[in-house]
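In what follows, one protein chain appears twice in different forms, each by itself as structure tokens: structure 1 and structure 2.
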Structure 1
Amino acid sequence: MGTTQLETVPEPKYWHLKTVLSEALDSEFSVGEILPNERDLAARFGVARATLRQALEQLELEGRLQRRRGVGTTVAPPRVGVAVGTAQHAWPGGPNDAWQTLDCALEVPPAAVAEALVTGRDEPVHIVRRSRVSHGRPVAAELLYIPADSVPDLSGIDAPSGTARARAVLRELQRLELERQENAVELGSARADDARELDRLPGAPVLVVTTRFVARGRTAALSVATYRADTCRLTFGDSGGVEIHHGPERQAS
């Protein structure tokens, strides 16, 4: 019989729930407004708390919600656009740099980094920590790996670590002529230290931007920057960025 299959698609509950919540966010909630707690929401929709949480997790992943332990779940503001990559096309620490230099250490890098640099294993490199703030919120944490021979004239500096030394290392780096830089973005999860700096729990989804700075045909520095995936939209290329956001969210009073 020509009865068209009545679409008996057993759509998962959490998926349907996510759709319903998403529409409710658009029409009934304002940015910053706090939602009912998970137990109440689960009861209201007639599902187990774990199922509700699966929906909330996805919405948080998409940047629609923000959850904080001990506080509650709030409607997130639209993602902020942050410029990465070829925008400046210059060494880190140069003028108009969006980053704040924290400190510096001389340590053996992870094996994967040592491989990308040409340094041998067990060979210590300068590791500069920096952080990036946008709209008053921390959005990224960076580790900059700089082989010792990229900054050969560092003898005059006595501070063994700290912000002063970090700045000195970056200053020395400027003296090299930057040939080009190579960028890559991939999805990762926040390590414990990054998570603390980004005000998130360990394992939170992050966008990892690795940048290789090439000078004199060699890798003179390697940057591994982790951006909060829930709050950031990375823009690159010619300029600006595309504004694509969701429905008519109002600002909470």
Structure 2
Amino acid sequence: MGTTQLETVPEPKYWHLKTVLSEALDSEFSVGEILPNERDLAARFGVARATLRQALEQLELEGRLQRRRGVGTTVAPPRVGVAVGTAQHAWPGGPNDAWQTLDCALEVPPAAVAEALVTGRDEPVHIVRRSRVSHGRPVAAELLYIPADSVPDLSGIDAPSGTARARAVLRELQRLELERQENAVELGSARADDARELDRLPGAPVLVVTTRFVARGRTAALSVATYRADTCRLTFGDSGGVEIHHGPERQAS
């Protein structure tokens, strides 16, 4: 790699450095590659380490870099576009669903979820746990809450929990005719469980997408999906799904 000295520019030095670094990421590094240490980078670009840290922090906020405990600073994979359109609807677990089914349990949900499902506060529901992966790294975790009366024919299934049970619950749910789904998005902070699953620190910014699936005039299922805010972006359109965008500047259709 050659040496690039920064010239005097009217914008803040770290901001110009961020642009130079971003161009270097596109041309010299691949996804997952570890960047040189701060001392070497500062020497290459002829800046103070404090200026370099500001630029690296900005690139991390923009989703170009990831700081991984025990590893260092790596090039982030392309961001996942969280589409919030409503033209197309589909039950979770369908043929074009990119989520990985992990587990299922019959448990009492949080009070807010029970209220949304219009179930009793002490009434257990099926909780399907799923994960979304991009470039081999987790980018989202989902808890899908399904009342027992949405999947009434599960009593004859032997698997009490695990992946097999989860897939059976989703197959049974798809027997219902989906009337509509409603999405709500908010910025939140990663809880301890979410942070561990998403390889982030507790309190890291996340996007929380809540989806209500309506069938027979009631809420048949409720999804609470937590996305890494540093690797995901909101897209507004009619797709109603989650798409992988293979470049940081690519716009959602």
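For the two forms, the rigid core is made up of the largest set of C-alpha atoms that agree within 1.5 Å on superposition. Just so it is clear, the model here is predicted, and its values are computed rather than measured. Just so we're on the same page, residue numbers count up from 1 along structure 1's sequence.
Trainee: When you get a sec, tell me if the form predicted on its own is 1 or 2.
Mentor: Structure 2.
Trainee: For Leu21, does the CA position differ by 2 Å or more between the two structures when the superposition is done on the rigid core?
Mentor: Moves: yes, 2 Å or greater.
Trainee: Comparing between the two structures on the rigid core, is the C-alpha shift at Ala215 2 Å or larger?
Mentor: No: Ala215 shifts by under 2 Å between the two structures.
Trainee: Taking the rigid core as the reference frame, tell me whether Gly72 has a CA displacement of 2 angstroms or more between the two structures.
Mentor: After core superposition, the C-alpha of Gly72 moves 2 Å or more between the two structures.
Trainee: Could you tell me how many Å the Cα atom of Glu33 shifts between the two structures when the rigid core is held superposed?
Mentor: Glu33 is displaced by 8.2 Å at its C-alpha.
Trainee: Please state the CA displacement of Gly63 between the two structures in angstrom, with both forms fitted on the core.
Mentor: That residue's C-alpha sits 3.2 Å away in the other form.
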